[in-house]
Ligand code: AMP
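Single chain ahead, written as structure tokens, the form predicted alone.
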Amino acid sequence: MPYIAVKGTHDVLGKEAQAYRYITDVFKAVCELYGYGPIETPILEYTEVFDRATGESSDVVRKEMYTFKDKGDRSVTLRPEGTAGVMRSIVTNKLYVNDLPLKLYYAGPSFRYERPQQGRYRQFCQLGVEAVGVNDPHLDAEAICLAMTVLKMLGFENLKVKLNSLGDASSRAAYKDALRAYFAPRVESMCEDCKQRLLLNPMRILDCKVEADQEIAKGAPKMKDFLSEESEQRLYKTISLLNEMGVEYELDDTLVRGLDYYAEVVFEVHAISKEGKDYGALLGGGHYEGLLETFGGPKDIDYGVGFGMGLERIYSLMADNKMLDDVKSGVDIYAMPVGAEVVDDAFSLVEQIRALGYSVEMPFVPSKLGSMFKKAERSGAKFALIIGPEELARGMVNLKNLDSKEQKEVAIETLDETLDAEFEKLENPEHEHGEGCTCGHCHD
């Protein structure tokens, strides 16, 4: 049997790996701008962490979790989503005694047994945030703004927020009764999942992907007609805040999210093409209640808001739309020792250049210059550093811009200044360096 990756998983290599790191770095940087700090929870948790937090009516619990018995005959599960583990960690480590809200972000692998498709895998990396301990629509609006900022920083231009309110507990109870009354005489013609959802949580039916069932659901009662006055006010306060921030949104009565812990405002962010095509949700989340108490935490601060997004889904859409072409890949400099006698000197020089903060690659067995130039181009290097014995004897090397093909001889003792100036030109191509220039490199 050939050794291949398990179905629904894949190796992340080359430019894709570079892009994954870039997307994750942007996400983390934006989170920290908003005052969020990192948290890492175990990939493996006791199964009840996810059973109790996500709810028995969710597809994640009923069909998608990787659950098995360990050698101690305890049921454990590979993490299917991030929120439950974060809540468990907050209670385990009594993080709630700190200043509130707790604002945390995470990035790591999750696992769901679902049908693999483009941009969706059984092992995937989820990026997410949680803000816990304060019950305020400002925090909900801030989470939406954070999500929008991440996507805009990644280059998405036409974004739309879809909003709905699931109301408070009394609102949802009344709404579920109305949905059961509506779907009960119709459910026999619907899919098996919807028949189960009617018994467990009829709101899940609104999230069904079967086209015929979606048509039936169009006539179902709307959540907005069952909202309490407090929930209605909360929704419109959130909308007011988004209006002030210039965030484009639309109300979507069918938006319920896939996990049972959501309450009040929920949201998704969709990318729209220039032609008006909706690419679907890039991320989703919302307000939740009751999770800390589930794990034995305090009830009086048991509120939160968060969102999650799949890294692979974001990457797939960015790659399809050529949004990653400018992402840095490869090394800065490819060093070329011309002859075996200069390899040791080249090796020492390369280490000095790396200490300056530039990435450098070099072959330890020199080959013909033409062959080394081809390797330099494949490496993605911006410059070639040609180290010949005659030049080296004079304390010189040759630096070649692999894009413009411009080449010049540079003194080793001033190589650091030259490299700084050349990379500054790459970063600011419209800037005119030289006499009269006041930038740091020319001024010095």
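Just so it is clear, the structure is predicted and the values come from calculations on it, not from any experiment. Just count from 1 along the sequence shown to find any residue number.
This protein has a second form, the form predicted in complex with adenosine monophosphate (AMP), left out of what is shown; the following refers to that one.
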- Message: Is it the case that residue 310, even though its partner is missing from this view, gets within 4.5 Å of adenosine monophosphate (AMP) in the predicted complex, heavy atoms only?
- Response: yes
- Is residue 126 close enough to touch adenosine monophosphate (AMP) in the predicted complex, meaning at least one heavy atom pair within 4.5 Å? yes
- Item | Exercise: residue 358 in contact with adenosine monophosphate (AMP) in the predicted complex, heavy atom 4.5 Å | no
- Interface membership of residue 245, adenosine monophosphate (AMP) in the predicted complex, 4.5 Å heavy atom rule: no
- With the partner removed from view, which of 208-216, 221-229, 276-284, 349-357 is the stretch that lies within 4.5 Å of adenosine monophosphate (AMP) in the predicted complex, judged by heavy atom distances? 276-284
- The one residue among 328, 195, 120, 160 placing a heavy atom within 4.5 Å of adenosine monophosphate (AMP) in the predicted complex is 120
- Of these, 234, 257, 103, 172, which has a heavy atom no more than 4.5 Å from adenosine monophosphate (AMP) in the predicted complex? 257
